[in-house]
Structure formats: structure tokens, C-alpha cells
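For reference, the chain that follows is the form predicted on its own, supplied as C-alpha cells.
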């Protein structure tokens, strides 16, 4: 991409957050309405339905819901030779039983899932109206995708399905997250999210399943983790038992293994399998390892034009890029060799807790950066790289 093109984009960024002010009320209203629709992973239908309604109202050329439940909308470009994929995941980590009421305060929006990822979805659904109102027309088609099955055991199911089955020529992918502002993810680590289940047949053995899982944890802790590939093993959750006075019959351990190297994860998974199988040899004991989520290592290098120009746009808007460059969502793009980044829209706190909130004031700056990056992709920053 030429310096002249980038100069035009940076000039357009001047005052853009202020130009977005007329769209603030609509955007905040969409945040509140989306937040109040429960959307646990594997239960996003109602939220995707709302998304489709908004896509239709904004006059997108094509709207649909695909075979797995993703919400799709297409805004045709002036040339349409390529397509930019713009995504936000619809699911949240909260069950339907959680209180989903959303509170709009002077300086923040408070509610379960508002940062992860109701705000991201609201930006996705409001952007067609914003672009029309600002008279910004891209040469590329824009494909808006609200994805299902993103979190935990969803394992990026919606995004992976779309990328594996689309027949469109995609220039790049851009994923929107509610927070934090300054988020610029462009690589993914190799990882395995696993669940180890232990069951003791009480008629055969009186050993506690907790004892078995404890032995497994100790043996997992003895596995050598290569430092050169930044390999780590995190024990996430353990559950089991019915009473303090009765040996536990069932226990479960969830964990995540992550590394910069796919082969390292595969090799250590074999070691974990061997440990689990060995413990299952005890009379009356059965143990099982189940993979519940996984990602591949890869993504863009720091000198890729998309990364370089995104940093320039962020800095020009007064946004400080954060140090972390890794996100699981990038793995889906890596599998299809599609350049992609993930951006945050504003600052927030208490993420994934019921009192989660996002700050209102930075949101329009976050949207301005998104528009700038779309213009950079449309201008050819990912072409022939």
C-alpha cells in the first residue's frame, strides 16, 4: 500500500470519532438490547435472530442464517472483486438463568456479557448504518458474520465452519471484541483444552476418585515443559464427590496446554494420554481424556502490512496498542491461511463476571479505528504479501 493511500486514511481519521457522535445513541441501544438476550454457547438462536433483523433494517444486500446458525449479512462494494470478513461472536459465558438485565449509566454500561461480546456484536450490527451515514463506500464487499459456538467447548465452531465452506475470495478477516481498547491480536498459540474424567466402580474399589485425580495432577506436574516454545500447563477446574464422608465416585479435571509449537502440544498430549491410561489400570477405576477445545499456532508476523498499518491507525487515534498479540480466535484464520486481526472497542472490567462493564466514552474511538483498518484492507494492504 502506498504512502499516499495511507496519508489519505490518516487524514480521514482526523475528527472521525466526533463524526460518529450522531450514531452513539443507536449503538448504545443495540448494546443494551443484545446484552439482554441470553446467548450461552450452543444457545445463541434468539440473539442471531435479532442480528438478522437489524441487518435487514439497515438495508444490507443479502442476509441469511447459515447451516450451523451463524448470522450473515453482505454489503456490496463499488467493485466487489474481494470480500473483507468482519466478525463478532454472539455467545457469552453466562447461562440463561443468569440475570441479563443491562444498566446504562452516565459513563458505562453494566451487564453480564456486555464486554464479551455484546458490544462487539452491537458494533457489527450498527456499522452498516454508520458507513452509510458517513458516506464511506468501500471497493470491497463487506461480509458481516455473527458467529455461534465461539467460547470454551464451542471451539470456534461457527467461524471454522464458515471459513471452511465459503466460496468467496476473502482479503482478510477482522474480529471485533468489546474490550479492551488497544487489543491487537494477530497470532494464536497451539493449545489443547482437555477434560480428564475419573470414575470408580464402588462395588469393586473403595478408593476415592479424588485420590486418582490427585495422582494424575502430580504426574502432570512432572512433565517437562520446553521453555523455548513457551509451553505451559494450566489446571482450570476440578469437581467431584457428593459428601465429605463418602469416597468420591466421580471427579473431573479441566486443563489447558499451550505452546508456540503445534508438535510440542501433540507430543505432550501423548504423555498425558499415557498417564491417564496408566491410572486407569487400577482395579475398579476408569479414566478418560477428552479434548474439548484446540487451536493451532500461527498468524501474522509483526511486520505484516496489516499489523503495521493497524498500529499506525491506532497510534494516530491516541490508542496505545497492548503487548499481548495472541488470541484463540486467530487459529480459525490460520487454518485457512487468511490474514486476520482482532480488535477491542473500549475499556472495561470484571470480564466474565456478572458485574461486567464497559466504558462509554472510548467506544467511538474504537469504532473509528475499525473503520480505518477496513479502509487499509480495502486499499490493498493484504494484497500479494
Partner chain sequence: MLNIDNWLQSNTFHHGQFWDLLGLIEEKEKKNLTISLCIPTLNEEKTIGKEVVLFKSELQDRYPLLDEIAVIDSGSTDRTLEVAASFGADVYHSAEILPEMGFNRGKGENLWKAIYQLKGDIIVYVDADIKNIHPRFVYGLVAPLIHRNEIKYCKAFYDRPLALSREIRPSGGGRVTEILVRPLFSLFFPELTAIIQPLSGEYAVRREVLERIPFPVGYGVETSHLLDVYFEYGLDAFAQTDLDRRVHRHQETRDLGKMSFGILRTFFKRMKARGMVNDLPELTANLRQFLAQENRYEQVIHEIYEEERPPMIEVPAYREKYGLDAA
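As the structure is a computational prediction, the values presented were derived from the model and not from experiment. Numbering follows the first chain given and starts at 1.
FYI, the form predicted together with the partner chain isn't displayed, but the following is about it.
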Which one of these stretches, 285-293, 96-104, 142-150, 210-218, sits within 4.5 Å of the partner chain in the model of the complex when only heavy atoms are counted?
96-104
Contact flag, residue 30 vs the partner chain in the model of the complex, heavy atom cut 4.5 Å:
yes
Is residue 36 close enough to touch the partner chain in the model of the complex, meaning at least one heavy atom pair within 4.5 Å?
yes
Mark residue 45 yes when one of its heavy atoms lies within 4.5 Å of a heavy atom of the partner chain in the model of the complex, and no otherwise.
no
Within 4.5 Å, heavy atoms only: does residue 57 come near the partner chain in the model of the complex?
yes
Consider the chain as shown here, without its partner, and state which of 26, 317, 65, 334 has a heavy atom within 4.5 Å of the partner chain in the model of the complex.
26
Using a 4.5 Å cut on heavy atoms, which of 360, 325, 351, 338 is close to the partner chain in the model of the complex?
360
